[in-house]
Ligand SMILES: O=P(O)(O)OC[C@H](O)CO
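Just one chain follows, in the form predicted alone, and it is written as C-alpha cells.
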Amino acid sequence: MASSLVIVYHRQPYEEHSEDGKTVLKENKSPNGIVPALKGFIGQVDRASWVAWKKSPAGKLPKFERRITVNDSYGSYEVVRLPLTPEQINQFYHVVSKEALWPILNSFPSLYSTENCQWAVFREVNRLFAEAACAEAAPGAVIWVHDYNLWLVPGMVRQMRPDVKIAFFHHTPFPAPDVFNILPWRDEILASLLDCDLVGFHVPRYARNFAALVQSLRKVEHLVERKVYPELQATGTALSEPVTPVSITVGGRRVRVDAFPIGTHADLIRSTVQKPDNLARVAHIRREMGGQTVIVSIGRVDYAKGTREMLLAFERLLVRRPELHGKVRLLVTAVAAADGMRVYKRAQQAIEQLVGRINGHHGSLTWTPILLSTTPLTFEETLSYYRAADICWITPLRDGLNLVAKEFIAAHVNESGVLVLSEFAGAAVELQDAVLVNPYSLSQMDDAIDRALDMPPQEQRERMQRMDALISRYDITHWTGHVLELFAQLRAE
C-alpha cells in the first residue's frame, strides 16, 4: 500500500543496537529532537513511510532489508533504507554538506570550501532519495523533505510525480542572499526549492532571507507578507522581523512560505524530571557541587555553537571576579562529531585545549572550574543536570532554533533559574525573558553572565514562569497541529 505522508530525512527513525549478534531496533532514547518530532506525525495519517540511508559496503549486496515495517509507540509505518557506500556517505554528508553548505547556512563564508566536493555524487544521492519517496507516495500524497542536504530532492520529485504535494522544512538557519549566493550551485538549489508547494522555517528572519534570495535570482511576480505573530516579535534583537512572507509566485507558480518554530515535549519533560529516581539524581548532583553555583551548557562540537566564545567568557569571569573561585562551576557537554568531520575535529581539539588551560590556570587541587564531557548524556541524565543547574548558558553564534533552551525551562518546573541565550539562536525570538546576548561582543557576554549570577531569585522565578507558559502553549503538539493544517490546505488546492 502507498502512503499518504512520506517523510524524507537522512537519519533512520530509530536507534540500532546489537544484542546477541543481532541488530535490534529501538526507539530513540530521547523523545526530543528532529526524529521524535517527525515521528509524531505517523499516528496522524492513514499510512506513513520514512526514507533514510544506511551504510552498505561498496560493490556488495546490502546485508539488510531495504524496506521494513516498524511498529512502535508512534504507530505502524514503513521505512525505506537506501544503501549508501562509504564513499557516497563521505561526499554527501561529510564533505559537500559540512564543508560547503553548512558554513554558508550559518553565515561563515570564511570556512566555506569546495576543494574536495564532488557535486555529482551529492546530486546522485539526492536522486536516490527522490526515487524512493516517489515509489512510496500514494496519488496526491504529501512528500515532506527535511534539511539542506536534501535540497535537490523536491525538483527531482516534481519531475517524477507531478501529482504529489511537496513540502520542505529547514531545521537550520537560512542565510541572507549575499551569503547564499556564494554557492556555485545556487540556481540548481533554488530551482528545486521553487518546485515545492510549501517551504518552512523556524523563524521569520529565515523565511524573509529565503524570499530575498528568490528576489535576487528570479523575477518575482507576487510576494504576500503578513505581520509576525506577537509571540515571535522580539523587537530590538538580532533576528527581529516585523513581517514574514506567506507566499511567493515565480513563473506563474505559487509557493507557500511558513515560519513557525518547533516546540518541545514540555509536559513529558516535567513528569520525567520529577520521577523519584531523577529527583534523587538531582540531589546527588547538587551535593557533589557542594553549594557552588552550577552553570550548564549542553550541545555538540560545532564552530557555530559558540562553545569557544563561551569558555573564553567564563575565563574572563574568573579573572574579573576572583571571589567566585571555588564558588562556581561550569558543566559543559560538547558531544564529539562523527568520524570524517575534519573541521569539527579541529573545533573539538580547540575546546579541549581551552578547557585544560582554564582549569590549569585557575583551578586548584580542591576545585576544578570546568567539567567537560564529549560523550552524550541520556535524556534523563540531561534533564537532571538542567534541574540541578542554576544557569543554562546557550550562546551559539548561529542556530536554527535550539531546543536545549526550551528543555531547560521545562525541567525547572517554574522554579528559579536563569537562561542566558544568544540573540542568534532562533529560539531567542520566542524566549524574550531569557538574558539575551550578542555572543560576538565580549562586553555583552561578560555583562550577561554577571547579570545571570546576580539576578534576584524572585526575578528568576517570574521570568521562568513566563517562559514556561509560552513553551507549554507552543509545544510539540501545537507545532504538529500547525503543520497538519498546512498539509490539509495543500491537499485542498
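A residue's number is simply how far along the shown sequence it sits, counting from 1. If you superpose the two forms and keep the largest set of C-alpha atoms that fall within 1.5 Å, you have the rigid core. Small disclaimer: the values here were computed from a predicted structure and weren't measured.
The discussion below concerns the form predicted together with the named molecule, not included here.
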Exercise. Judged by heavy atoms and a 4.5 Å cut-off, are 76, 144 and 482 together in contact with the named molecule in the predicted bound form?
Worked result: no
Problem set entry | Region of this chain that lies against the named molecule in the predicted bound form, out of 167-175, 272-280, 320-328, 356-364 [heavy atom, 4.5 Å] | 167-175
For this session: May I ask you to state whether residue 14 is within 4.5 Å of the named molecule in the predicted bound form, using heavy atom distances?
Result: no
Exercise. How about residue 32: is it within 4.5 Å of the named molecule in the predicted bound form, going by heavy atoms?
Worked result: yes
Exercise. Is residue 93 one of the residues lying within 4.5 Å of the named molecule in the predicted bound form, judged by heavy atom distances?
Worked result: yes
For this session: With heavy atoms only and a cut-off of 4.5 Å, decide whether residue 254 touches the named molecule in the predicted bound form.
Result: no
Exercise. Just one of 314, 102, 180, 385 has a heavy atom within 4.5 Å of the named molecule in the predicted bound form. Which one?
Worked result: 102
Problem set entry | Candidate from 112, 119, 148, 229 lying within 4.5 Å of the named molecule in the predicted bound form - any heavy atom | 148
For this session: May I ask you to list the residues of 3-28 that have any heavy atom within 4.5 angstroms of the named molecule in the predicted bound form, in sequence order?
Result: 9, 10, 11
For this session: For residue 32, state whether the C-alpha moves by 2 Å or more between the shown form and the other one after rigid core superposition.
Result: yes
Problem set entry | Cα-Cα shift for residue 352 and residue 32, closer or farther in the predicted bound form, minimum 3 Å | closer
Exercise. How does the CA gap of residue 375 and residue 29 change in the predicted bound form versus this form, closer or farther, if it moves 3 angstroms or more?
Worked result: closer
